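Same chain, two forms, each on its own as structure tokens: structure 1, then structure 2.
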Structure 1
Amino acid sequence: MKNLKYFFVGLIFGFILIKAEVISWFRIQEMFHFQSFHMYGIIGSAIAIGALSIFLIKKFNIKDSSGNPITIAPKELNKGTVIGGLCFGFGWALTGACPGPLYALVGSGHLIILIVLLSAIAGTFTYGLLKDKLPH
């Protein structure tokens, strides 16, 4: 039950994704062809607010709701960051969706996108199978 609050945060996030239209394949093609500021404005302003929030959390030593200090795991840089990043970029342009929008689209009743989501799960599973053989 303690996880129920994350359902509501996710719900708000899914709602925003739809209203932001970042779930549109057309918007993603428009972005990659530099034909509108829309997507850049969204990603840029999201990072600005996120960065400002983390700066304030660190500066004022803000605790989480249980009173624990907030910790953020660092993200490691390795060859996978580049190779995997490119692979995701290819998939992003093809499907016109990153993982968040896939979930939101499925929720909006776009059953065909469930096929894309299942393919993404298969991709993650394949990564897990091959992990030790892939360059990192």
Structure 2
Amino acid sequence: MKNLKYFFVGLIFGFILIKAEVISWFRIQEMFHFQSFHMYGIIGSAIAIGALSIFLIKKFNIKDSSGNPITIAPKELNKGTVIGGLCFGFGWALTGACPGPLYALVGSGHLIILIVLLSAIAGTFTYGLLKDKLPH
């Protein structure tokens, strides 16, 4: 019952994704064909909100719900990050679905996305098996 609030936040977030047409295959294809600003505006807004959130967390030393300080480790840009980003982008362009809204797509009745979801899970599992052998 303690985590029920997170379930409802997830439901609300999924509803927002659907209403904002973020999960729309057509909107994603418009973005990759540079035909519409819609998705770029949403992604840009998310980046701005994320940057502001990180700034505020660091500036005011905000703590998590358990009272522990939130620490954000610095990230390194390396060859593996670039290769992974390219794979992610190609998968997104080919399927028309970012991993974020996959559950919302399935929940809204687009059951064909189950193939993409299972492929994403298989890719994550494969990465877990191979991560020590991949470029750093």
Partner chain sequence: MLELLTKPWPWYVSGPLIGLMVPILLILGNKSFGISSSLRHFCAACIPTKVKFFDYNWKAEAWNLIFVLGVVAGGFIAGILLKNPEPVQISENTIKDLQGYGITDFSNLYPVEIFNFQNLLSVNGFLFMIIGGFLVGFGTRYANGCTSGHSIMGLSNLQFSSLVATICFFAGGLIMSWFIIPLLF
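FYI, numbering is relative to structure 1, first residue = 1. Quick caveat, the model's predicted, so the values are computed rather than measured. Heads up, when I say rigid core I mean the largest set of C-alphas that superpose within 1.5 Å between the two forms.
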Form predicted together with the partner chain, given as structure number: 1
C-alpha of L94 moved at least 2 Å between structures 1 and 2 on rigid core: no
Core-aligned C-alpha movement of G85 between structures 1 and 2, 2 Å or more: no
C-alpha of T71 off by 2 Å or more between structures 1 and 2 on rigid core: yes
Angstrom displacement of the CA atom of L56 between structures 1 and 2, core fixed: 4.2
